[in-house]
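Each of two forms of one protein chain follows alone as C-alpha cells, named structure 1 and structure 2.
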Structure 1
C-alpha cells in the first residue's frame, strides 16, 4: 500500500456502468484524523409508529439513570444503556379542528405545525424537521441524497382519510414545504436500486431479473474495480470492506425475498407480493444502516404504517385491527392486544439499534454511537386521542449530542423544542424556533 494513497469520501466502485458507494474507510481520512472527534458524520433516523402506545406498560416508573425496563420495553434490554426514554413532551399543534386526530397529528408529527383541515389539494402544514436538515445537507453538498423516506404502506391521493383530513396528511411525515409532502418509498427493491444499483443507467426490469436469474449480485458488477481497490487498502479497511460487501449481499437477498412476487403453479392463481411487515421493516432498517455507512444520506424517516392504521396482525395471535384496539375503552383484552402490538413494534426498533451497534466505524465507535434514533407515535393514548405525554425514545449518542441510559421527565414542554435540539445537533445553523410553538432547544439531553 502506498503511503501517499488517499481515497476521496466520494469514491465509488464502477462496473458496466454501475456505481456503488463505499463505506467510510480509514484511507478516506487525513492521516492525523483517525479516531479524532468529528471524523465521522452524525446521523438521524426517525421511526414512526401509528395509533399511540399503551402507556401504562410503556412508561418507566423511575426517573433518571436507575430507570428499569417496562414490559413493552423489555426487547431493548441489550441496548438499555443506549436509550433515553423521554416522558412528558406535548405536541399542541397536533390537535385537530374537531375530529381527525390521527391525520392532523401525523401531519404535525415532524412539523409541529397546525394542519389546515381539507380533503382537497389545498394542503397546508409546516416543513418537517427532517427536511430542514435535508435542505442543509443539500446546500452544503454533504451527501448524495439530502434525505431518505421509507415506509411499509403506500400513500393515497387527495380525499378524506380521517374525518375530513386529506390522505397526504395521514400518509406522510416528511414535508419539504407547507404544501408539499415527500412521498415515501415502500418498495424495498426500489429503495435498494436507488441506493446501490440505481447507478446502472438504463438497466431495465428485465435486465435486473436476468441478472438475478444468473445469481449475479450488484457486487459482481463492480468486482473488478473492487479487486483493484483492495490491493491498495490496509488490513482494517479490507476487513471493513468485506463486512460491507457481506451486508450488501445479505440485504440484496432480503429485499428480493420481500419484493419479488411469489409464483404458484396452481391454475388461475395470481402472484402474491410478499407484505410480511416484519421482514419488510427489517429490510428497510438495513437500507438505512447501509445508507448511513456509505454517507449517502445522514437523515432518514420510516413509517411502520400510515396514520389510523387498522391492520390485523394474525402472526401476533390477534384477530382484531390495530386502530380498533387502540380505542380500548379500558377493556383488559384490548389493553393486552395493544401491548402485544407495541412490543412487536419495539422489537423492530431493537433490530435497528442492535444492528447499528454492531457496525464499528473508523473512529472506533459504533454507528449507533455516532447516530441519533428517534422513535415515537403521533398520539399518546389512542382512546383519549391525546397529544401530550407522547411515547418517545431517543437512542444512540449522536457523536456526543446525547447522554443515554436515562429516563427524563418533562412537564409538557413543546415537542418542537426537541426538534430544535436535534436540528442544531445535526449542524443546521440559526435554528432557534420551529413550528407553531418551538421556543428553543430542549435542555437536559446531554
Structure 2
C-alpha cells in the first residue's frame, strides 16, 4: 500500500483545504435488522492532559446551572451551555505505592485500577473503559475500528519513567488488558492514512473479493505459525503471543471490512504535518471529528502529552517546564505559568468542541449533541499529587445521556462510577462495576 491516500469506492468529494468530512449521511447510519437506517450513534472522545490543573483558577464557585466561567475556562464561552463541569470525583486506585504518582495515576486514568509497581516485568493495570467500549463495538461489528488512540508525543525514550513505574504506564491511557497497553498514533498523517486505508479507486467487486481472499490467507498462514509456536514456548512467552493473536484478529477484521459498503464518506485533504503542538493537536482533533462523522469509530482517546511531561512551551511566553511548574509550591509565578498552560489546553478543547458543534448530522443535531467529550488529568493539584478532586469537563449531550450547562460537585464519589455511566451510555451491556472501586453509574449527569 502506498503511503499516499487513495480514495476507494467512496464518493469522491474533496474538502476545501482543512480536513472536512461530509455530514453523516443516512446511508451510513447503522442498519437495523431490516436494513433500515437506525439512529445516529453516540460517540465518546477522551482528552487527557498531564500534570494536573491549577484548580483555584479552574473551579467555578457556584454549583448548578448558574455557574460562571472561571479564568481558565473562559475560552469555552461559546460552548458554555454544552459543558458539565464536574468537581469532587476521586480516583483512589490512582494512588501509587510510595512515589510515582504520575505513571500510576495515568495507568489508572481510564482503568480506575491500581497499577502494579514494576520497571518492566509483570506489568499490570485494569482494562480501560474506552477499551471496554471498543470491545463492545468490535463484538457487535458496529464500526470498522473498535477505537482510536491518538496522542502528540511519542516519548523521550531514555532513563526511567516515574519512580519505579515502567514507561508504558506513563505513555498509555488505553489498556486492552491488564498487561497490554494500546499504542497510540502520534503522526496525524499516518492516522489519517489508516482511517481511510484499504481501498483502491475503480476496483471491481471481484477485485475487492480477491484482495480480501489474499489478505485473509496471509492471516490464516501466520495464525497457523503462531499456533504451532505455542507448543514450544513457556507461559510468559504465551502472554506475548496472545498479543499477537489479538492483533491478528483485529487485522482480520480490517481485511474483511475492506468492502463494507457503508464506508461512504469523503475524507477531504490529509492533515498537515507539523511539529507545533497546537497545530498537531488540532490535526488530531480533526481526525477524531472525521472518524466520528464517518462512523469509522465511536470511541477515541487523545493524550496531549505523556505522564509527567516536562515540556517547555515557549510560544506561551514560558521558559520553565510543565512538570516543574506543576510543583508550584504556592509560588505566584508558578501558579501564573500553570494557569497559562491550563488555558492553552482548554483552548484546544474549545477547538474540538466548537468544531463538533458546527457539524450538523442527519438527525438535525450537532455532532457535539450526539457525542460525549471527557476532558481531565491524572492529577488535580500537581504539587500535592492528589487524585481526589480531579478537574473534569464533560461536554456534549451524548444524544440525551448528558444534561450540560451545569457545574456539579460530588463528594469524593469514585471516578469509576462516572465511567460506568459513560460505558452504559455507550451501550455496553451488563456493566455495573468497574475498576477497583466502581459500584454503579454516577447519578446526576442527566
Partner chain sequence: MAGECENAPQTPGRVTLHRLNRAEYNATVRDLLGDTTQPAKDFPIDDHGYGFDNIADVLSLSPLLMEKYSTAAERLVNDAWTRGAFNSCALDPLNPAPCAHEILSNFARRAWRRPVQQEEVDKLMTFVNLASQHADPPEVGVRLALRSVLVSPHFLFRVEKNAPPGSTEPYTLDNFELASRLSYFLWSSMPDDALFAAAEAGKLSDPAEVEAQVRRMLADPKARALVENFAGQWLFTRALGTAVPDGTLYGAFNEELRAAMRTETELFFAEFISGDHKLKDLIDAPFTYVNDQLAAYYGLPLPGSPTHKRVELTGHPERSGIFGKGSLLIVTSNPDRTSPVQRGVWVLEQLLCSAPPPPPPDVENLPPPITPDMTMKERMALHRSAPACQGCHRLMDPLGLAMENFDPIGRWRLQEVSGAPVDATGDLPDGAILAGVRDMQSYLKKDPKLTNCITEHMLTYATGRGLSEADHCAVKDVADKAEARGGRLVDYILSIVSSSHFTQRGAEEEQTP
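Positions refer to the first chain, counted from 1. Predicted model, so just to flag it, every value in this text is computed and none were measured. Take the two forms, superpose them, and find the largest set of C-alpha atoms that agree within 1.5 Å; that set is the rigid core.
### Query
Which of these two, 1 or 2, is the form predicted on its own?
The form predicted on its own is shown as structure 1.
### Query
Quick one: once the rigid core is lined up, does residue 228 have its C-alpha move by 2 Å or more between structure 1 and structure 2?
The answer is yes, as the C-alpha of residue 228 shifts between structure 1 and structure 2 by 2 Å or more after core alignment.
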